[in-house]
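In the form predicted alone, a lone chain appears below as structure tokens.
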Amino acid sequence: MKLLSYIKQWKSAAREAVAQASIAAQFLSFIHITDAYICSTTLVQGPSMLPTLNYSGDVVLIEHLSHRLGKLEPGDILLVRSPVDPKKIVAKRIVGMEGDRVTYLTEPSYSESSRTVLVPKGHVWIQGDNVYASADSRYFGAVPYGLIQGRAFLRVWPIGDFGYL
């Protein structure tokens, strides 16, 4: 009889442990889906987006839905997987959408010569706000939608600069 009592106790404890593990797994799944497919934070640093974003770094909120729904527009700040180095994610502003003609300075530091390009279907033209220190579409061409990771919409740190981008 004593053995039967212990088995019932262990069975009850095992059921509760499985129930708690299930709740934890659901919570972690929710966090992962939210982070990967809806909204996440990231640190953006470097000179290419000066003066909009700080050189030393800003923490921004990124939403991952606009580019999947085709709701991007010129002026939006994107996080894009670099076509030159796929290990890097870069932050740049949309200058042109598919079908747009974009005119840009070829060497802004040295001359006033410009070039006009037509942005191909399924691509966006991106440039950093600091044209003197930005590797962007002027160097690697238009970026396919598939490389877009998300759209930055809110600066959350430093707290003094908190606000929409």
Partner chain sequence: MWSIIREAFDKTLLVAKAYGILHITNSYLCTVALAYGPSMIPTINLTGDLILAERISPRIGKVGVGDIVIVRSPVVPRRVVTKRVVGMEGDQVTYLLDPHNSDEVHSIVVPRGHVWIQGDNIYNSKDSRDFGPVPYALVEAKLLWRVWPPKDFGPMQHISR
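Positions refer to the first chain, counted from 1. Worth saying up front: this structure is predicted, and the values here are computed from it rather than measured. In this text, the rigid core denotes the largest set of C-alpha atoms whose superposition between the two forms falls within 1.5 Å.
Below: the form predicted together with its partner chain, not depicted.
Using a 4.5 Å cutoff between non-hydrogen atoms, Gly122 counts as a contact of its partner chain in the model of the complex.
Though the partner is left out of this view, His32 does reach within 4.5 Å of its partner chain in the model of the complex, counting heavy atoms only. Its partner chain in the model of the complex comes within 4.5 Å of no heavy atom belonging to Arg115. Its partner chain is not shown here, and in the model of the complex it never comes within 4.5 Å of any heavy atom of Tyr132.
For the candidate spot formed by His64, Ile77 and Lys92, no residue has a non-hydrogen atom within 4.5 angstroms of its partner chain in the model of the complex. Contacts to its partner chain in the model of the complex (heavy atom within 4.5 Å) from stretch 82-105: Pro83, Val84, Pro86. Relative to the superposed core, Ser113 undergoes a C-alpha shift smaller than 2 Å between this form and the one not shown. For Val156, a C-alpha deviation below 2 angstroms is recorded between this form and the one not shown after rigid-core alignment. Relative to the superposed core, Phe27 shifts its CA atom by 2 Å or more between this form and the one not shown.
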